[in-house]
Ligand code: BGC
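Listed next as structure tokens is one chain, alone, in the form predicted alone.
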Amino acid sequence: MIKKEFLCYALSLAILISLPYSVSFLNGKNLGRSELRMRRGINIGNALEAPKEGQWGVIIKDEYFKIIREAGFDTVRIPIRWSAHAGDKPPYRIDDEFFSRIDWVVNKSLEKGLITIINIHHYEELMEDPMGHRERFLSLWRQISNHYKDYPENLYFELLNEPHGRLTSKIWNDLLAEAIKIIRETNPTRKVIVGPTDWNSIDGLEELVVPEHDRNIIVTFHFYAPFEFTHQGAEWVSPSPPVGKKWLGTEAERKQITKLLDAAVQWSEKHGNIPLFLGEFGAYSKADMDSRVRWTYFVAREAEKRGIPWCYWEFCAGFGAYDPKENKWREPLLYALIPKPNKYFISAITDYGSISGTGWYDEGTYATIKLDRTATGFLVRNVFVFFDGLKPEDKIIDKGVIQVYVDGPREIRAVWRKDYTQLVLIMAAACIGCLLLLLLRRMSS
């Protein structure tokens, strides 16, 4: 009897212990994207991927990592141009002084508990002549992986930023497989990030091939859609998209983003639910701040909904969320990335004139929304009619001025109508004038 009870007890205990693992197995399709420890990150760009640190206006300061961590980020991506600091001939030795500088930066980041990603960035020679630089690329990773083999698991490797040009998918798939083999010799379990060709685009995922049985591979993609908005006025783009493009968060604009993110998730699911990582996204500073905040907030939240960790481009340069001159965060962008508790974004949108009041407000307060004009145009007038998106708690102060109660994210849109009165009057006056001229001619003849 005792043996029977003991067997029943043991069997019950075994079932209870194995249950979580059984559930995990049954839900295996959901494990990949949820198991990553990184969630919200930021790139420290325009520094170590410049030909020389400081040449593009950014030198990484020790305090940056404390600032980033205290703001709520858990991940830092550090783009690095190793190719500018290594020999051109075998064994392609990386400069000791440069290695020391990277060590310092990596250690400062890890000290703050940040997941730290180092990559090979701006290896343009590889893009132009992939076969000619194949061995040099592999040698760089042999040296990097050996150098950091004893570092904590919070240090991640990213093979190559934005493969493109003559580095086709076929060549890249072969090269990345060889690079991963080299890394695994000294770093068998370290997280390794790889991305597709076509500048790490979502469209390029279909041609990406990664090792099937390596559980420590993460696939990255970059997101800058719509390009004419995110890169307006960008000096390095030729031709540069014209400045003035807004992102208002219309249904069509949102669908463009969600459709692409859904495509990335579908690719992941089709490939064993491989973990995804949004390694770069951002809008250049020449776009208006309100649009940048709307776009950034939407992309970040939609990525999070899909279990995709992200890294904003970037910390303190042209896309920067941090102002290095004022030594403070650009709060509208920071809150778009990491929403502050009990603080909500009120979006004020108008098709004509300008509107004030867009911004982040404390819960329970009022945001004042004001149009600069309630009519625009000459022949065909655009006349303001009402504000769409109001609630009973909101207050109408005057025509074109309201106070919106902050109880969550709100979007207020000014609705306008076309007024043709002026055009009709002018046309009528012109017709009458013509008729009078005809009458006068007839009378004089």
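All residue numbers are counted from 1 along the displayed sequence. Computed from a predicted model, the values in this text were never measured in an experiment.
The discussion below concerns the form predicted in complex with beta-D-glucopyranose, not included here.
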| item | value |
| --- | --- |
| Contact test in the predicted bound form: Glu158 vs beta-D-glucopyranose, heavy atoms, 4.5 Å | no |
| is_contact(Phe98, beta-D-glucopyranose) in the predicted bound form, heavy atom dist at most 4.5 Å | no |
| Trp295 within 4.5 Å of beta-D-glucopyranose in the predicted bound form, heavy atoms | no |
| Any non-hydrogen atom of Tyr224 within 4.5 angstroms of beta-D-glucopyranose in the predicted bound form | yes |
| Option from 370-378, 99-107, 265-273, 117-125 whose residues, in the predicted bound form, bring a heavy atom within 4.5 Å of beta-D-glucopyranose | 117-125 |
| Listed residue (Arg142, Lys246, His231, Arg330) with a non-hydrogen atom within 4.5 angstroms of beta-D-glucopyranose in the predicted bound form | His231 |
| Phe319, Trp82, Phe277, Phe73 - the one with a heavy atom within 4.5 Å of beta-D-glucopyranose in the predicted bound form | Phe319 |
| Stretch 234-268 - residues with a heavy atom within 4.5 Å of beta-D-glucopyranose in the predicted bound form | Trp236 |
